[in-house]
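Laid out below as structure tokens are two forms of one and the same protein chain, each shown alone and named structure 1 and structure 2.
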Structure 1
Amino acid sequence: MSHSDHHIERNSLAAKVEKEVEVKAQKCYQCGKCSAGCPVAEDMDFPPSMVLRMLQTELPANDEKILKSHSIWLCVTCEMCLSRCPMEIDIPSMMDFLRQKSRSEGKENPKAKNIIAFHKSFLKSIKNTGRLYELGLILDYKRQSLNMTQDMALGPKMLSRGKLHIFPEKIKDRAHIAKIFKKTSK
């Protein structure tokens, strides 16, 4: 039996996380410090330690639950979990990958509709101008989320105080931003 006969190709979500963002879920020994420190764990359907445990099983049913979970959209990437993890597992990078994977496979959790609308608007602003254009972000988010009247009274006040700008500022090297988006949208 050759060496290649012993090699079994892993096709699990954990294997994809490991390959794409170099985060090894198998390193987690379930101490729970990530979930204990997470500021939004109570609102998640699966706290970070549970997401890691589900990845460790490498079961397709668990992979599906993760991609359809609300948890991956609630993560605010504050890095509290990473700072508390004794194994230095980069959970925020893992959550970013899981969000992108969820979107690319059309498995977004319906409860995350507004979060996803904000996510799309934010990325669109960065892609178009190279930096955050707040007024454009707000208008695009309102259009996507259909929350047209939410915080409506704040807009004129912020414009009058110079907190929002009518026109976006664009960075000079937007081609570089386009390369980043092209590279990460694989």
Structure 2
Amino acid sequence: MSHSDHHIERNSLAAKVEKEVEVKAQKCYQCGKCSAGCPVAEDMDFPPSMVLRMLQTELPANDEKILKSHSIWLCVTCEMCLSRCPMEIDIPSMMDFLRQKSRSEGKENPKAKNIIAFHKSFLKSIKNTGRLYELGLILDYKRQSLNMTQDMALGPKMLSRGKLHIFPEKIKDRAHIAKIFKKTSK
């Protein structure tokens, strides 16, 4: 994927980002536009431009902080940063990569527990039926997050407006979906 591996082999997170998602952190000149426009920056431990600065240092301690950060899980892929970055640095794709890396190394930030639980419940629903089963998703998420009382009022209101199926919609070729999940799981 990357064509720039002629220099000494680097083992930093920045090098991996470069290889896997073709994002060169070194190109960032810290103008701060990404952080200024990021809707969740104020809730993050490190705003996006700071993540890039930390990557640039190529210090193991900083790499570790990034993979353990709350920021990577709060990013909602709104793509505002990419659309404004003068260097066209694809931060959203980089965030996707960092989340997956954080998970494969078991470094998920504890504060992101519910966000991750939600994504997992979502995928579980697709894996079982091929489609999203909203009621099942909510119940499974509640079990995982142990947040049983949240949204108690929402469910009945959705039901009365015909916005919630009691039973899942299943696609016919569920075996195909199961196979896709199996082949793409690492």
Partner chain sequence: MKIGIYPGCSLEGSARDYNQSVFELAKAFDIEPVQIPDWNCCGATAAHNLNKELSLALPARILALAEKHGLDEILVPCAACYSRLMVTQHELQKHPELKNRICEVLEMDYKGNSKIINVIEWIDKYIIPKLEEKVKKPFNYKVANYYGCLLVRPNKVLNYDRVEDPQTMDIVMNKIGATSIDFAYKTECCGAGLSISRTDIVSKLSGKIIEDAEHRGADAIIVACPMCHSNLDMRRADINKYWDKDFKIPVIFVTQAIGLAIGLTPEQVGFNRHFVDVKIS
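By rigid core we mean the largest C-alpha set that fits within 1.5 Å across both forms. All values derive from a computational prediction rather than experimental measurement. Here, residue number means position along structure 1's sequence, counting from 1.
Exercise for the section: Determine, for this pair of isolated chain forms, which one is the form predicted together with its partner chain. Expected result: Answer 2, the form predicted together with its partner chain.
Practice task
Check, for the two-part rigid motion between the two structures, if N109 and K124 are grouped in the same part.
Solution key: Both residues do not go with the same rigid part; they split.
Practice task
Please work out, using C-alpha superpositions, how far the smaller rigid part turns between the two structures, and give the answer in whole degrees.
Solution key: 16 degrees, smaller rigid part against the larger.
Exercise for the section: Determine, in Å, the CA shift of L135 between the two structures after the rigid core is used for superposition. Expected result: With the rigid core fitted, the alpha carbon of L135 is displaced 3.4 Å between the two structures.
Problem - Rigid-core-superposed Cα shift at K179 between the two structures, Å - result: C-alpha displacement of K179 between the two structures: 8.0 Å.
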